[in-house]
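Only one chain is included here, represented as structure tokens and corresponding to the form predicted alone.
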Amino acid sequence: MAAHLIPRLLQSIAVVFVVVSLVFVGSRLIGDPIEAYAAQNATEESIAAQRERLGLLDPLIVQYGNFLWGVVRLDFGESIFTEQPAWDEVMSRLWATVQLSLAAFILILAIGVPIGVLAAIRRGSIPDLIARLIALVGQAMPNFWLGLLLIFVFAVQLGWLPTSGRGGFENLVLPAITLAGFGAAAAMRLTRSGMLEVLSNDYIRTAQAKGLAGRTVILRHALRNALLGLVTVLGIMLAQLLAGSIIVEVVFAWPGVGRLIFRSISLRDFPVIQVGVLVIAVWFVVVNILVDLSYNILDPRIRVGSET
């Protein structure tokens, strides 16, 4: 396992390096932050002084070198607008995004997998047709539109839930459902197709012929093998939820990393953008490694690092 993990870790470090480097270059292409930062009556001298303080007068290669040296020392600089450490700015919002992402992931598992299993077991029935229709609509509807629809129905018309902000459980309901909509629909379809493939295998018919209870056949034999193909997609979903929460956080004014990155892009706050993307990239890498390791748990015949 160690022989497999070490190359994966080195590869992951290279991926994070490339992503952060691209973000460094891309953030410089969105404009001059001093134009958004300086007051309307600011003089040319004060603007030049601000650019010099932030190192924006240095050649791009020098700025990039200083940025990499800061990353090595875990010094990501200060926010241009709040003058607080960029790392602290992102970390103060991280738990809100993690909370929203985990709630959405739980909904994906609680909705997508059971309905997918039910649709596969009752293939061609009315529940199967309804599940397939829900999955189709869920994957076709943009999450920002779903969020606005939920706000209109449950917050404006019915008055059951708040429209925005982070507070108690009631504030989490609508953003979590919105963020989980696409993932739950995708998990539903993948679980159904995986279960249909597994249920057609000979060992399932053998288990049924031996008189095993239907629930035992489904849970211990069919579902476990079907999840082996689904676990990769679920892992990618878990990673994407953290990054994909940007639009949902903006719609619901959820004070997370996604909303902070969105605001920082509009303000051209380079340090905060770079730290936010770095956190998301590391999250992707960690989840992908955990997905690889989970194969051994689901199927002991698979050995991490073995060739297929």
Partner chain sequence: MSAQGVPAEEPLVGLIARRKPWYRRLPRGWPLLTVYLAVLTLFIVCGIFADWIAPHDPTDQNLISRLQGPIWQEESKPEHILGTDGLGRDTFSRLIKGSQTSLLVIATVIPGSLVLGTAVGLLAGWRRGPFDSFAMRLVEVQLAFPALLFALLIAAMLGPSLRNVVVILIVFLWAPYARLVRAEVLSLREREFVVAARTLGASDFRVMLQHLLPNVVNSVVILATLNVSTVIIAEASLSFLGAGAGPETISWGKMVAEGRDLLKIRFWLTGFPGITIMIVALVGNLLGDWLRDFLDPQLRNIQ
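Residue numbers count along the first chain shown, from 1. Keep in mind it's a predicted model, so treat the numbers as computed, not measured.
Just so it is clear, the following notes concern the form predicted in complex with the partner chain, a form of the same protein that is not shown.
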Flag this candidate site as yes only if V19, L136 and A140 all have a heavy atom within 4.5 Å of the partner chain in the model of the complex; otherwise mark no. yes
Just one of 67 to 75, 114 to 122, 101 to 109, 186 to 194 has residues with a heavy atom within 4.5 Å of the partner chain in the model of the complex, so point it out. 186 to 194
Non-hydrogen atom contact A48 with the partner chain in the model of the complex at 4.5 angstroms: no
Taking 4.5 angstroms as the cut-off for heavy atoms, does V156 touch the partner chain in the model of the complex? yes
In the model of the complex, does L56 come within 4.5 Å of the partner chain, counting heavy atoms only? no
Taking heavy atoms only, is L60 within 4.5 angstroms of the partner chain in the model of the complex? no
Heavy atom within 4.5 Å of the partner chain in the model of the complex: which residues of 261 to 280 meet that condition, in order? I261, F262, I265, R268, V277, I280
